[in-house]
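Okay, here we've got a single chain as structure tokens, the form predicted on its own, with questions on binding and movement later.
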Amino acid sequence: MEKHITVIKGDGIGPEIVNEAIKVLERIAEKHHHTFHYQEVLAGGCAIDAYGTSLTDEVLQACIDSDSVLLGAVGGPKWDQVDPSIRPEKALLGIRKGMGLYANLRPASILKQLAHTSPLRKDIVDQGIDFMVVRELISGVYFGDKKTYEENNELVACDQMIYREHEIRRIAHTAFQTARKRNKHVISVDKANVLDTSRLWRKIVHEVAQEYPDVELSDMLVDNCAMQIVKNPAQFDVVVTENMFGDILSDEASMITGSIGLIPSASLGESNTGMYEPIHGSAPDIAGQNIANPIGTILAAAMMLKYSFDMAEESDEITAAVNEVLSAGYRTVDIMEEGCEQLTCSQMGDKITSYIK
């Protein structure tokens, strides 16, 4: 099978971690007789330096035309003072919108080898942490009209939050379909006691639920959800919520697992094409030192195989290799502990590749 992958290495440690993910993908291609074609393009801060903007039309078209996009990380202090309209993060929003990637899937699971690194109490962690946050990605307050103006001799800022019925309906379907592959329980998170958008959200999610009688649905207010994630994460299977709430809750969920360097993310649309990336940032303070943790990016590549390429077996092989490497006591510096062997970024990529039998 042949697949075309647009590669955005990005800024900071992005090139280092993406290189290791490609190394693992090439091992999978060799073993299963696939051919992956890579087209490397610039987006983010490096694109600002090269083109004067974080995302060109040509790069966006390359993403749209590909079978999938593999992304490292974008941004850094170097570009903090550029025009807000071209900041590195705008590239991500532009790609998501241009590709129609309305659903962000972010797993929050704790590897047994690293369970002791969670900031939660052991008795809470022992109950299990394994859920998926399904976040609506291209609507809501991040994409609404924004303005700052003067009124009665003071500045006023306004950000508009809009949700349309079809936008809620499609993300709800994604959540229920995801739950069918897991433990068949969806918790819909909103602020229906205050927001009209949340009241519409709840109404539409409950309508969609009628099409999935085998999946249990419950509602939870966002403030309560934030508390429950640290109090009793074992209750969650699939969490579906709007853009801003999902942004905050998925970051919270990532921290209870012990290390953000291990967590991948998938952004999906109507077609199988998606964008896959680790959840961490560009970490410019350690860029070029070959010490970054590539596991989140490698697992993002595994998600790409499963969700975009229908290669579940190959995806599972990568995940199994990561688990075996960690069980054997190999660590990068960010998760290093006594009795383990420390590896560089490239050595970790080599080790995981070698464990794909």
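The structure displayed is predicted, hence computed values, not measured ones. From 1 onward, residues are counted along the sequence shown.
Another form, the form predicted together with ligand IPM, is not on view; read the next lines as being about it.
*Asks:* When the contact criterion is heavy atoms within 4.5 Å, does D285 count as touching ligand IPM in the predicted complex?
*Replies:* D285: no contact with ligand IPM in the predicted complex.
*Asks:* If we define contact as a non-hydrogen atom of the residue within 4.5 angstroms of the partner, is M99 a contact of ligand IPM in the predicted complex?
*Replies:* No, M99 stays farther than 4.5 Å from ligand IPM in the predicted complex.
*Asks:* Taking heavy atoms only, is L92 within 4.5 angstroms of ligand IPM in the predicted complex?
*Replies:* Yes, contact at 4.5 Å.
*Asks:* Do Y142 and ligand IPM share at least one heavy atom pair within 4.5 Å in the predicted complex?
*Replies:* Contact with ligand IPM, yes.
*Asks:* Can you pick out, from D247, E167, D237, D219, the residue that has a heavy atom within 4.5 Å of ligand IPM in the predicted complex?
*Replies:* Result of the distance check: D247.
*Asks:* Given a 4.5 Å cut-off on heavy atoms, tell me which of 134 to 142, 170 to 178, 203 to 211, 117 to 125 is the interface stretch with ligand IPM in the predicted complex.
*Replies:* Looking at the partner contacts, the answer comes out as 134 to 142.
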